[in-house]
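Shown here is one chain on its own, the form predicted alone, set out as structure tokens.
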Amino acid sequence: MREPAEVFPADGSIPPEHGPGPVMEQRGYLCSGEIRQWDGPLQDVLSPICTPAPGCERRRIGGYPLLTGKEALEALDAACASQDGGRGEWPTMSVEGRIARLAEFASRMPAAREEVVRRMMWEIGKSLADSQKEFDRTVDYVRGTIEAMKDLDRASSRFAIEEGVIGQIRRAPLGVALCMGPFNYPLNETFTTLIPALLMGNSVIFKPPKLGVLLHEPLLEAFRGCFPKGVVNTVYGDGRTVVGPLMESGRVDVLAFIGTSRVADTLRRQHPRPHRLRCVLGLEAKNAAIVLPDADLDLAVRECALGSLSFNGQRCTALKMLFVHRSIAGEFLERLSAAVGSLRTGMPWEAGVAITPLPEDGKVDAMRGLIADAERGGARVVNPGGGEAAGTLMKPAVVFPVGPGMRLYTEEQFGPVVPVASFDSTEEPLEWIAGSDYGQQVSLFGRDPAKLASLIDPLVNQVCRVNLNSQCQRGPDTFPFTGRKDSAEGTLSVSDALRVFSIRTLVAAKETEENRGILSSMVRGRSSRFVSTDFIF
């Protein structure tokens, strides 16, 4: 790879519309309906887009508040006050009223699009096209969740009469939700928990990921203006400092966390009332592809290259282990190496760029450590220049043959390294999947319906999505998104998420004349928001 001075741009060569702009010193945080100003220390935000010289150093593009446990508990107090033991304005608001607030928020989001996208590029190195796609998809997700909420409420807008008992069954909020998203989709994945939690009437504290904090600031005013006091609160800073006190308080009702199982386990253990805590977790994955002898190689290579290396392979849904039948392994590797070699490396704003700088500290060294371990076990990098790096920018490496005893065989790499293994019998990849700690998705490539069917039937008992002749992926957002084993807890989609952030509750009465009259009076007089037959159009 070229020298850093040739890879990273000087300030004068960056298009003005995509430049880092003034240093972004964020001091505001949202608590109890106010954007409060922090006068304490800030955490430096260092971009993966380095200076060209000297030393190829990360650029400092801003800072965010290093809040303390005191501010975190103030946010918790505000969230609890807005719930007020189930009596608060937000949890008792009509579904139609909450929908109106979310719709207003969605209508205000596009005004922040350009700034959020620019910050996303500079904070996590995501390409311009992918950053724009993430923003737009998030707006669509908010609107889609609103429509799913309407459907859910319509189904509840009637009474049931069973065995002489009249009942109305609806879903009620759980209380206070702590939402923590990942750096790789800092906006979208955070909102896939935050938005349904809000719509169901919960109050929310959200902590942005360590990487991808500043991009949320342009939306703080919209949050403040669209929701009642204390319904949305933000905390920033070191996780142990601000999240620990929240969990240890025992007043968090829902933990929505997307990250590593190690951190999730720590957070769960900190809660003193575990039977009260509901967890919605998106954790690690080591998704495999199985390429059969009759697979369309053009299609399989294209999907495997994209599936392994979109956003540098920094996706939980990325393909992280490729099993290729021995009879086609040579040709597959040759084509895959060519496909990887054609991926453009560069800066996020460059047209057609596919491989961009890595935002995590030490990530290049970590990836090279995995490659070196595989090489000691007999594997090699098969694509020219694979693994070469300049600063934070690394050329993807295709490693073959990867097998038992190598870290790449079982560990989730979460970066631009593509491990490939050959197999003679499909029992080999099936056994690998059955023995894996993870169970999110798998991709199958082949043409024989009978052979594919024989693989699908056992695989659906090991993973939660089988992708036929396509890469692993989350969308569409209406499809369930979850995992088995250590990969997830709880199911997310625009409809499933509404259920996971709520609980079925009912009002019941014996079917007597007096009770029928009471319920009819409530409905006609619209004196209860829960006991209602209003139909949301």
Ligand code: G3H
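In this text, all values refer to a predicted model and were calculated from it rather than measured experimentally. Numbering starts at 1 and runs along the sequence shown.
One more form of this protein exists, namely the form predicted together with ligand G3H; it is left out here, but the text below deals with it.
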Partner proximity in the predicted bound form: Phe481 to ligand G3H, non-hydrogen atom cutoff 4.5 Å: yes
Gln473, heavy atom within 4.5 angstroms of ligand G3H in the predicted bound form: yes
Contact of Asn184 with ligand G3H in the predicted bound form (heavy atom, 4.5 Å): yes
Contact test in the predicted bound form: Glu189 vs ligand G3H, heavy atoms, 4.5 Å: yes
Stretch from 156-164, 422-430, 308-316, 267-275 whose residues place a heavy atom within 4.5 Å of ligand G3H in the predicted bound form: 308-316
Lys229, Arg137, Arg170, Arg335 - the one with a heavy atom within 4.5 Å of ligand G3H in the predicted bound form: Arg137
